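Shown here is one chain on its own, the form predicted on its own, set out as structure tokens.
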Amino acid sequence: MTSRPAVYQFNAAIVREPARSVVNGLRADDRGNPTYEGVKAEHAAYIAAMRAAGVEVTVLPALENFPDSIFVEDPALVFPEGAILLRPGAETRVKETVEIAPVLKSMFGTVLDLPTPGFADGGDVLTTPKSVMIGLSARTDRAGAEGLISSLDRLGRKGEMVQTPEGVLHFKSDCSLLDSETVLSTKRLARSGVFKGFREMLIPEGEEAAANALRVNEVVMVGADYPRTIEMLDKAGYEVVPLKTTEICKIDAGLSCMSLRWHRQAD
């Protein structure tokens, strides 16, 4: 029996090209529209960083009718054992699941549908060695989280429900996994005690958006606009890859939501 790879070890990923309509993407705070050219450049750099980290990246075509469809992590979850089709909590995004379903069914032997009722966004889901944490938020409700826990159980994974801080879009807006024992977290999320049993590295004041970092194999991808966080991680011995996220941050996005990542087993 082979052991599972570490939860941050990936050799396959799916991304989707940004549509020109991405400038109309959803946002909680209006910081102005991103530019299509800016988002496309940031997305291209993200794909290049993934490939440099040893990941085979499948690039799906843009979907003009879905401005937020660049954020492929919200309508689905993927694991070596299979995929789960989710039901995004924003009405304009629900049909993104239909668009990505055929791709996942061509790549995974097991593809599960989220049981009804309820909503769940992948941005609220943090996979750790201990469990798959599901943050209740404006986009993920209790029924959706309960359905996701039952789906995870079918894949042989343990899910647990946690709480996203008030006013925070997604659970992973405020945290990310750095290694098997360490999480990067905002102070407001850490105060909840949700990461008991983990070593916590806390984001410097004013750089809260940096919490949505992304560990991929030997590197940690971090928004380039957060120098104190980058310095902290560098001093702690992590190999940091700064990536520009200025434009995608205008539509409440970060690094984790732009890809579906898993470790594909050898045939």
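Note that residue numbering follows the sequence shown and begins at 1. Note that this is a predicted model, so its numbers are computed, not measured.
Here the subject shifts to the form predicted in complex with a small molecule, a form of this protein not shown in this document.
Colleague: Note which of 251, 243, 15, 19 lies within 4.5 Å of the small molecule in the predicted complex, where distance is taken over heavy atoms; exactly one does.
Modeller: The option sitting close enough to the partner is 251.
Colleague: Please determine whether each residue of 93, 123 and 257 possesses a non-hydrogen atom within 4.5 angstroms of the small molecule in the predicted complex.
Modeller: Yes, the whole trio is in contact, each within 4.5 Å by some heavy atom.
Colleague: Of the listed stretches (189-197, 72-80, 103-111, 176-184), which one has a non-hydrogen atom within 4.5 Å of the small molecule in the predicted complex?
Modeller: Of the options, only 72-80 has residues within 4.5 Å of the partner.
Colleague: Taking any heavy atom pair closer than or equal to 4.5 Å as contact, tell me whether residue 68 reaches the small molecule in the predicted complex.
Modeller: Residue 68: yes, in contact with the small molecule in the predicted complex.
Colleague: Using the partner position in the predicted complex, report whether residue 87 sits within 4.5 Å of the small molecule, counting heavy atoms only.
Modeller: No, residue 87 is distant from the partner.
Colleague: Answer for residue 26 alone: is it within 4.5 Å of the small molecule in the predicted complex, judged on heavy atom distances?
Modeller: Yes, contact at 4.5 Å.
Colleague: Within 4.5 Å, heavy atoms only: does residue 169 come near the small molecule in the predicted complex?
Modeller: Yes, residue 169 sits close enough to the small molecule in the predicted complex that at least one of its heavy atoms falls within 4.5 Å.
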